[in-house]
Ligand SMILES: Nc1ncnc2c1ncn2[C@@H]1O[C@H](COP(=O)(O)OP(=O)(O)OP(=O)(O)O)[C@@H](O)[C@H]1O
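First, one chain by itself in structure tokens, the form predicted on its own.
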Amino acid sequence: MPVLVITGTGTEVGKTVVTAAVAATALAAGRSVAVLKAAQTGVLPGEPGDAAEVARLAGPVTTAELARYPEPLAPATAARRAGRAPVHPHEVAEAAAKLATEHDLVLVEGAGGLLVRFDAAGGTLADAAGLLSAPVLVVTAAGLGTLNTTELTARELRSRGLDLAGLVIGSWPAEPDLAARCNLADLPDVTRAPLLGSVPAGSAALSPARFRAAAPHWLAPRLDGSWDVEAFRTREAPGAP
């Protein structure tokens, strides 16, 4: 998969740390990696954004950012309020396609969820994925409430004829509650998509060296890692009904 689009079921589910883990794991496998942040919001000029955070954690990746808006809002709203040009899906697709000619893997990280609007015409990350014919990796939360938002995201992807590559839990708690443990079985069931990884909560606070060493153990072989979903379920969800 030369281009992989990474979206979330909402904000603060761990998209950036998962993007960093995918990048670090691909680098460890000997692949060249580029990270494209379609629209960065809530970050001022000169401040490090999500792409820079991926590079800090993952290592030597090429980073690109199409637009930056200061307020932490949906890209279309942030662009309008800042009086700046919005990002359009075709621009995201063109930038990703160009990066793909020079790298083994291009990771396109969205903002918020799949249908967050980039522009006044309603363009979204889903539209960019469609233009690229790229698979979409969905980052989801671990606990109560995640089944609904994750299933809705999966249904939207399939209604558009897009390839749902799988799910990654963006922040697995050190002490998971009953809902989180049950969701290990329920998430793949309601989405009809494989669980491809689980990133421990707080991983972004690791040193870059520790993050890079650990990342392949958080992701399944399809993402170049060694994570075993059945072993994880057995360890984390014993006795779950």
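For every residue, the number given is its place in the sequence shown, counted from 1. Please read all numbers here as calculations on a predicted model, not as lab measurements.
Form predicted together with the ligand: not shown, discussed below.
Novice: Please determine whether each residue of Gly166, Pro188 and Leu196 possesses a non-hydrogen atom within 4.5 angstroms of the ligand in the model of the complex.
Specialist: No, the candidate spot makes no contact with the ligand.
Novice: Heavy atom to heavy atom, is Thr25 within 4.5 Å of the ligand in the model of the complex?
Specialist: No, Thr25 is distant from the partner.
Novice: Although the ligand is absent from this view, report whether Thr149 comes within 4.5 Å of it in the model of the complex, heavy atoms only.
Specialist: Output for Thr149 is no: heavy atoms all beyond 4.5 Å of the ligand.
Novice: Spell out, yes or no, whether the shortest heavy atom distance between Ala180 and the ligand in the model of the complex is within 4.5 Å.
Specialist: Result no; Ala180 lies far from the ligand in the model of the complex.
Novice: Is there a non-hydrogen atom of Leu223 within 4.5 angstroms of a non-hydrogen atom of the ligand in the model of the complex?
Specialist: Answer no; every heavy atom of Leu223 is more than 4.5 Å from the ligand in the model of the complex.
Novice: Spot the stretch among 81 to 89, 125 to 133, 103 to 111, 153 to 161 with residues whose non-hydrogen atoms come within 4.5 Å of the ligand in the model of the complex.
Specialist: Of the options given, it is 103 to 111.
Novice: Quick one: of Ala201, Ala67, Leu184, Ala55, which gets a non-hydrogen atom within 4.5 angstroms of the ligand in the model of the complex?
Specialist: In short, Ala201.
Novice: Counting only non-hydrogen atoms and a 4.5 Å cut-off, give the residues of 28 to 64 close to the ligand in the model of the complex.
Specialist: In sequence order, Lys37, Asp50 come within 4.5 Å of the partner.
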